[in-house]
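This document starts with one chain, in the form predicted on its own, laid out as structure tokens.
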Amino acid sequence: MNHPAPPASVRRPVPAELLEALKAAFGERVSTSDAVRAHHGRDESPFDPQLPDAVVFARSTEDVQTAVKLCGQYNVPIIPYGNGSSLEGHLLAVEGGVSIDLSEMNQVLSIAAEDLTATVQAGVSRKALNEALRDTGLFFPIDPGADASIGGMSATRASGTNAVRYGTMRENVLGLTVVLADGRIVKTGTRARKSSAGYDLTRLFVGSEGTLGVITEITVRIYPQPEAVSAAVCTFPSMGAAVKSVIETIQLGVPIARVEFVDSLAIRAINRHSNLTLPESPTLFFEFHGTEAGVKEQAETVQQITADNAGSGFEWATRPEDRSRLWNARHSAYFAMLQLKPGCRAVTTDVCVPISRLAECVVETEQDLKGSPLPCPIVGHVGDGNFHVAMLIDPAKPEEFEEAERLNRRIVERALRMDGTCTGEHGVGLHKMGFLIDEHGADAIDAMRAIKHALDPRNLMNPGKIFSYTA
């Protein structure tokens, strides 16, 4: 056994006639090569690769529609593919089928600076969007760490480091273009800031993980660049003290833009990876946005809160290069942590709890991890109650995966007991399927399944994800 296998599914046959029809429609933009299929059949999850039978590189909504209709004629599954950075097995072709790669759909279609909106194709990455916005004085704030595609971020309802101030993709997607399983093209939402017109189809597809349709275009909110930005870092004697500082900051109403928690093991990894010399203690990374006076006031308030909780070494970073150094180090934490155990894979989990229960949840989780033989660093977007654990396993040792899953179950069960969720931002994919009934109840899952049946009666759209198709 190399890696844990995804839940058992039966691969559907892909007729030669379909491959011929796809090649007739797309020419060289269809590939059945082993290397291309392998690239599209793995992600950052611990699961074994599950390769699609073919990959289509789409350049337009009409291309996606053509591919979907052809797959529908032959009852073949469709798996949307963005940048491949998902963590829970979302893009694995567990029933075979055709991967539709949207990376060549990389055009910023419009920027409406006066309305603070932008419309992009699904393959545009968050960094590419911000590069396009650079001269407008505006920016797109959702930052999950990886340079994910906007389509993928919409499909997984991503959030990240800025969510405490700017919200998640749920709040920042105004409208979508989606190709349904039968090839119909649906446009949801408008560029208006609000609407009471009918069911909220935009929110239905945001977070659907490719199981209801293929997202091809997205209209998002954009924001003015803040007049002033300041970052700070502060260390604590314990995880509880650090998280207590965050809770008090949020409850006091300080409008921080980012607040990230990194435990001592993760700091050790970051120091090695990024050539830093941060104290190897539980650490908070802060960022403040606003006017010069407002940023100064926010930072001084937070500095006092951290001091009251035994925080030390509160250091400001106002120069862009210093801020970039800190946040680049934080963004590289995942790959830095992998270096703690050469050759390892990470079984990741993320949960989110009400802010009032965060300290309790994190401290109890810390106790679980201390009793495990696995290295398990913790990082988190704790400003909104969300934290992540990376359990580092030897892929050749099944017992280590079993230990990681035992820890995962305890972490998730604790979060649910505290009225939280089994995943704050990674999504369900394959890995969190077993927890959905515990979180939502069987009747709610039946309602979700009914929506899936109505929009995708033959279960062609990313089958085997979120929940089983039949009860």
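Since the model is a prediction, treat every value here as computed from it, not as a measurement. C-alpha atoms forming the largest set that superposes within 1.5 Å between two forms make up the rigid core. Numbers for residues come from their place in the sequence shown, where the first is 1.
We do not show the form predicted together with a further copy of the same chain, though everything after this point is about it.
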- Q304, Q339, T291, N275 - the one with a heavy atom within 4.5 Å of a further copy of the same chain in the predicted complex: T291
- Just one of L204, A128, I111, A310 has a heavy atom within 4.5 Å of a further copy of the same chain in the predicted complex. Which one? L204
- Task: Classify S99 as contacting or not contacting a further copy of the same chain in the predicted complex by the rule of any non-hydrogen atom within 4.5 angstroms, answering yes or no.
- Result: no
- Item | Distance check, H440 to a further copy of the same chain in the predicted complex, heavy atom within 4.5 Å | yes
- Message: in the predicted complex, does A444 come within 4.5 Å of a further copy of the same chain, counting heavy atoms only?
- Response: yes
- Item | Partner proximity in the predicted complex: V30 to a further copy of the same chain, non-hydrogen atom cutoff 4.5 Å | no
- Item | One stretch from 66 to 74, 417 to 425, 53 to 61, 35 to 43 that, in the predicted complex, holds residues within 4.5 Å of a further copy of the same chain by heavy atom | 417 to 425
- Note on the structure: Those residues of 188 to 212 with a non-hydrogen atom no more than 4.5 Å from a further copy of the same chain in the predicted complex are G189, T190, R191, A192, R193, K194, S195, S196, A197, G198, Y199, D200, L201, R203, L204, G207, S208, E209, T211, L212
- Taking the rigid core as the superposition reference, indicate whether the CA of T119 shifts 2 angstroms or more between this form and the one not shown. no
- Superpose the two forms on their rigid core, then report whether the C-alpha of R157 is displaced by 2 angstroms or more between this form and the one not shown. no
- Item | C-alpha of N309 off by 2 Å or more between this form and the one not shown on rigid core | yes
